[in-house]
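In structure tokens, one chain follows: the form predicted on its own.
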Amino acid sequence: MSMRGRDRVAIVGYAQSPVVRSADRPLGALAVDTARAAIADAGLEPAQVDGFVGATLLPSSGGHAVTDGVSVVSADWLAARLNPNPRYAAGFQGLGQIPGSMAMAVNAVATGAADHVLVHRALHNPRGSYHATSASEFGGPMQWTAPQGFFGPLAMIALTYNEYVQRYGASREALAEVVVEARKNGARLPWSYWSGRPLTTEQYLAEPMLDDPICRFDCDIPVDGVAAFVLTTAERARDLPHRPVHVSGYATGGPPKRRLPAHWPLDDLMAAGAGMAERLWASAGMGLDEIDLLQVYDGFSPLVYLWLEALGRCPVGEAHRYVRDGGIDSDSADGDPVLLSGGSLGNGRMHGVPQLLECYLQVAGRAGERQREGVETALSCHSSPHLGGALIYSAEAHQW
């Protein structure tokens, strides 16, 4: 994002559906209702929304059918039911669905391709085992990993985290702190799948390994849920009901070397994260010390360590000690509440929506009883540092 584009676009409304294991309505119907609620929250009518952006990746390696309006919801599908002739409709393809979609929406508004853009993310939990596969043979890159049992994201993160444990001496008790913190905060949210259901350290430590050193509680649970956000120019935002939250910067990461798809060497991941962080600070014109609230991605619990280190909150290899010492405890006066939203572990597999939503609510002053004082800037992280990205938000538009 150039200096000229910084803070020119703001989030002006949102809606979040309940997050459930299996919804009693099709995903498309849930998405239409959620989108309509977000548009109304922004003080607009559907006919005024002339831009639609979404990402349709179904995050399952189990070979489930991908059907628009049923297991995914594309921007075109949603536009056809809200404003059939939009000026702009586009879908982000790839990993890091939230930062990718938000970047497309910001650019569409900043360049005048659309006046009001709706960004949505719709997640579905298909019937059957989420990551099971009936395939009897594999081609392409997976032929080198799947026959040996290295298949799906669980093995992927377990390999990376094993390297972290062996290199830095991280304990299971420290990782328990991450999961318990996420579930504690998610249990406080009425829309969360885990609402009213916190987790204890004892429960976490008693859980058997799925792929050592990862257990079931280290993984976000597949769910049905939709979130939608409305973006427009900073100028138009002044006339709308809620305090605008400006998008001040964003950046995405990419692996520095070509590897097999599920092979995440720790050094590759952290090198990409460091480069992504440099681009993020340059994009926003501010550094980590100017961020009032940081919300990190936690689709798998070890990613919390990796984001804390990639962004510079902790030295490399020290995040597990930082967490074990109470560093992320949201109930502590000295804590750094990086999972205040409950994240994916505390909400369900919403792919970074909880992080974006919490940043928006806190900066807009709309978090209700959870509102923290003095939150004027925030940062949300999405996916892993090397295959995702981050966004920075500000209450006030900076003058350049």
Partner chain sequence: MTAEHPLPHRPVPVPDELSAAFWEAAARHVLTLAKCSVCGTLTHPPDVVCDTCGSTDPRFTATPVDGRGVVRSWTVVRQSFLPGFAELLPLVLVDVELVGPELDGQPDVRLVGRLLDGVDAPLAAGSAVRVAFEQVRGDVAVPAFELAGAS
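Residue numbers count along the first chain shown, from 1. Keep in mind it's a predicted model, so treat the numbers as computed, not measured.
Although not depicted, the form predicted in complex with its partner chain is the subject of the following passage.
Just one of 251, 314, 286, 158 comes within 4.5 Å of its partner chain in the predicted bound form, counting any heavy atom, and that one is 158. When its partner chain is considered in the predicted bound form, only one residue from 209, 282, 80, 206 comes within 4.5 Å through any heavy atom, namely 209. Interface residue remark: residue 143 is counted as part of the site for its partner chain in the predicted bound form, having a heavy atom within 4.5 Å. Residue contact with its partner chain in the predicted bound form: residue 149 places a heavy atom within 4.5 Å of it. Taking non-hydrogen atoms only, residue 277 never approaches its partner chain to within 4.5 angstroms in the predicted bound form. Contact annotation: residue 330 falls outside 4.5 Å of its partner chain in the predicted bound form, judged by heavy atom distances. Here the chain stands by itself, but in the predicted bound form one stretch of 252-260, 287-295, 188-196, 239-247, 252-260, has heavy atoms within 4.5 Å of its partner chain. Interface residues of 156-189, taken as those with a heavy atom within 4.5 Å of its partner chain in the predicted bound form (partner not displayed): 158, 159, 162, 163, 166, in sequence order.
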